[in-house]
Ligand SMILES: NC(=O)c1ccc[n+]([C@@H]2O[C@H](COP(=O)([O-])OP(=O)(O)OC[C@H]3O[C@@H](n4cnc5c(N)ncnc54)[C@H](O)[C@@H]3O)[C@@H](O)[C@H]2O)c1
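Read the single chain below, which is given as structure tokens and is the form predicted on its own.
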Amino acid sequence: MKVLVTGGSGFIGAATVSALLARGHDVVNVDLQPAVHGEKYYAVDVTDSDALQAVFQEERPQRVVHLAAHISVPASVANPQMDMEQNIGGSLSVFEACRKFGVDRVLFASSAAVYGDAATPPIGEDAPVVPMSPYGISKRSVEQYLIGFYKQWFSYAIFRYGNVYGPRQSAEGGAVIAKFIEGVTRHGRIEVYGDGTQVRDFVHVEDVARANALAIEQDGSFLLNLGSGIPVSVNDLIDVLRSLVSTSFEVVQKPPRPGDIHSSYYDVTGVKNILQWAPKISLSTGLEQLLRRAAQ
């Protein structure tokens, strides 16, 4: 099956391309960064609808995994219009190309940021949706376009990702584990926004990529949480890091950031039942791998 992946050179995208290739799919990668695995590649911005449609016309993909997005919550708070143009405008550009060229299924990478702080963990897919940041609002908006409008032309899979981490993740987007690994290994200090009691649901990128590959092969539409289902506080995360490194590091507390959610972890019963999926890489194993890579 020919699968087009937007953002296929990014953190989650490259892992997803690898998983799709391993399962025998013909993969086309649309990204502004070069391809990682040697798949067919187009250097196209998804917000450029004419250039994107030219790719679809040439390649005629059967299914699309849409991962290309602006991902920083703090940057979305600082510049909501940029976030809207990239995440909503870019997504509509992709969906219009899918509609025009007969794609029969789309996987959209949403985020658990859509829940905000309105729901009580563990958060199920039917929990209140009250996003607290422009990033969360943009992700929810794109979900609604799929569920309310584009379902006329193709089936969809929507994943509300928890805190994805793993190799190749940049610390620049605000990802806590990437920032902590960099802080521990390069600077001997890490910064914590808030008191460290904030709870997150960490899931390894290879587990996410496997779920993406399984979901694009399915038929029928669904919206599911994708995480570990295990609550981990920032203080817990620091304790695990201390147990894995031989050197000490300083913890610097800073005020909470606007738009940050305090506590979130997810009920992942749905994805386990529908896809027969479960995470395979534990947090301690994933952190140990990242620390080894950082030391090389």
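Just so it is clear, the structure is predicted and the values come from calculations on it, not from any experiment. Numbering starts at 1 and follows the sequence shown.
Keep in mind that the form predicted together with the named molecule is not shown, yet the notes after this line are about it.
Peer 1: Counting only non-hydrogen atoms and a 4.5 Å threshold, tell me whether 33, 46 and 169 all contact the named molecule in the model of the complex.
Peer 2: All three within 4.5 Å in the model of the complex.
Peer 1: Though the named molecule is not shown, can you say which of 114, 109, 211, 97 has a heavy atom within 4.5 Å of it in the model of the complex?
Peer 2: Comparing distances to the named molecule in the model of the complex, the residue within 4.5 Å is 109.
Peer 1: If the cut-off is 4.5 angstroms on heavy atoms, which of these, 215, 103, 73, 164, is the one near the named molecule in the model of the complex?
Peer 2: By the 4.5 Å heavy-atom cutoff, the listed residue in contact is 164.
Peer 1: With the named molecule left out here, work out from 241-249, 53-61, 38-46, 267-275 which stretch has heavy atoms within 4.5 Å of it in the model of the complex.
Peer 2: Answer to the contact question: 38-46.
Peer 1: Give a yes/no on whether residue 139 approaches the named molecule to within 4.5 Å in the model of the complex, heavy atoms considered.
Peer 2: Yes, residue 139 sits close enough to the named molecule in the model of the complex that at least one of its heavy atoms falls within 4.5 Å.
Peer 1: Taking the shortest heavy atom distance, is residue 10 within 4.5 Å of the named molecule in the model of the complex?
Peer 2: So residue 10 counts as contacting the named molecule.
Peer 1: Although the named molecule is absent from this view, report whether residue 86 comes within 4.5 Å of it in the model of the complex, heavy atoms only.
Peer 2: It does: once the named molecule is placed as it appears in the model of the complex, residue 86 has a heavy atom within 4.5 Å of it.
Peer 1: Would residue 135 sit within 4.5 Å of the named molecule in the model of the complex, counting heavy atoms only?
Peer 2: Residue 135: yes, in contact with the named molecule in the model of the complex.
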